[in-house]
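Take a look at this single chain in structure tokens; it is the form predicted on its own.
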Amino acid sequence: MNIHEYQAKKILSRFGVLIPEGRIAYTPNEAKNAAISVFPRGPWMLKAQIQSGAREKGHFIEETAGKGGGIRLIKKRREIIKAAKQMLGATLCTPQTGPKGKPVGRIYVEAFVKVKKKFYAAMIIDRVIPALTLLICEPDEKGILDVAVHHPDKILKLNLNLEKGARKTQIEKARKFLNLPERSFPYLRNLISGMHKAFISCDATMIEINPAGVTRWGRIVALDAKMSFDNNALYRQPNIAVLQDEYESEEREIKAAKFGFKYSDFDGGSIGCIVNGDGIALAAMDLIRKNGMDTTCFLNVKGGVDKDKIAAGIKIIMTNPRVEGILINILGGFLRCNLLAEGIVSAASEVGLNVPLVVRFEGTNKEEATEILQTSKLPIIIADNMEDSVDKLIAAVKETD
């Protein structure tokens, strides 16, 4: 689950991370009042609150929104309402949203902080080691992604103690790596410590501060912030769960989440996948791409559900107009294959099956599941393994073209 910048900053500030003064606004007048409240003389930053990076590099679809991006520096009080009117209700497109963009329903009005230096700081889980890892770097004008791809040596990676966080020597290493003055050490320690505490306490999967700013006095302030959380842990994070913005989620994502499933949509592609694990999903997507086609969406189902929930989840994929073929690839363990088979039959009987559907089962009650599909008299193709399932689906889709 992702949240907005202003929400992430509020959480981080509770754990000691320094942030600029700011207030959220839903109307132009609220934006003006917020600006006066946080920084009477200005200047201010007006920041569109959509869940996307590179907002400052984005553009609005509507001409009435002006030529500015999703983050604007406002120097005069009389310009606040004008800028807020332009941004609110307009559609912001960034490299991450794609051409359809996202509507801006709120803006964050923040006091402008003058800094001498900026850097990138993030905390993620390195699942290969595994370890909680701190990433530090000074991105170039092209951004952190360009550095990660072309200059990975410019990123400092520090594996932290899960319970205690960063050691003093690691913080000092980060300070020297960034070429910060010695007086910045306590502020850097404050930033890293706050990120670590927030990460652990909130069951986060990622915290990104891009950028952090260093003032002339050496103080370090989070100028932007992004947080993602483990969906499986939201039951013990009620204060985090209520922050989810359903307007940021696609309708199919919301429907899937109500049944405990995870739905993901992609640009392009024509194949819908139903799996019970991200690893299986990625493997299937790679095979599909290797065969000259691409995935448009996938649904990750979990164990502990009944036939009706499975059927409801499958209908999310079946009713997607971009789907020209469906691959169901299940390794049955806790999720019994026969339950899934019953759900497939129920969903297909209700909404119809007008695209090729290939099913591969392996695991608990596989034989019973296969019999259910075979006796349903539905045009369902059964495969023996993952490679076979992809080959049969690609062939079936090409036959229908």
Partner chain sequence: MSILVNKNTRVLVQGITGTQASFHVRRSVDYGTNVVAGVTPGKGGISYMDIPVFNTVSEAVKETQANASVMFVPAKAVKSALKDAVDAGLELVVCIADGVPIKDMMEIRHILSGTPTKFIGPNTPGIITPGEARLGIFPENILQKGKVGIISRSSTLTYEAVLETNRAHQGQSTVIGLGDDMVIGMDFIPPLEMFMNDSETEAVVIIGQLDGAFEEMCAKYYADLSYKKPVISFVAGNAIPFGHKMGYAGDVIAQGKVTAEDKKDAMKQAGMIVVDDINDIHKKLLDIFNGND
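So that the term is clear: the rigid core is the largest set of C-alpha atoms that superpose within 1.5 Å between two forms. Residue numbers count along the first chain shown, from 1. Remember, predicted model here, so these are calculated numbers, not experimental data.
One more form of this protein should be noted, the form predicted in complex with the partner chain, which is absent from this view; the next part is about it.
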Out of 214-222, 154-162, 170-178, 104-112, where are the residues with a heavy atom within 4.5 Å of the partner chain in the predicted complex? 154-162
Within 4.5 Å, heavy atoms only: does Y120 come near the partner chain in the predicted complex? yes
Contact between I124 and the partner chain in the predicted complex at 4.5 Å, heavy atoms? yes
Find out whether any non-hydrogen atom of A54 is located within 4.5 angstroms of the partner chain in the predicted complex, and reply yes or no. yes
Looking in the predicted complex, any heavy atom of K32 within 4.5 Å of the partner chain? no
Complete contact of I71, E182 and I240 with the partner chain in the predicted complex (any heavy atom, 4.5 Å): no
The one residue among I254, M206, I81, V323 placing a heavy atom within 4.5 Å of the partner chain in the predicted complex is M206
With the partner chain taken in the predicted complex, which residues across 309-326 come within 4.5 angstroms through any non-hydrogen atom? none
With both forms fit on the core, has W44 moved 2 Å or more by CA between this form and the one not shown? no
Comparing between this form and the one not shown on the rigid core, is the C-alpha shift at D278 2 Å or larger? yes
Using a rigid core superposition, assess whether R360 undergoes a CA shift of 2 Å or more between this form and the one not shown. yes
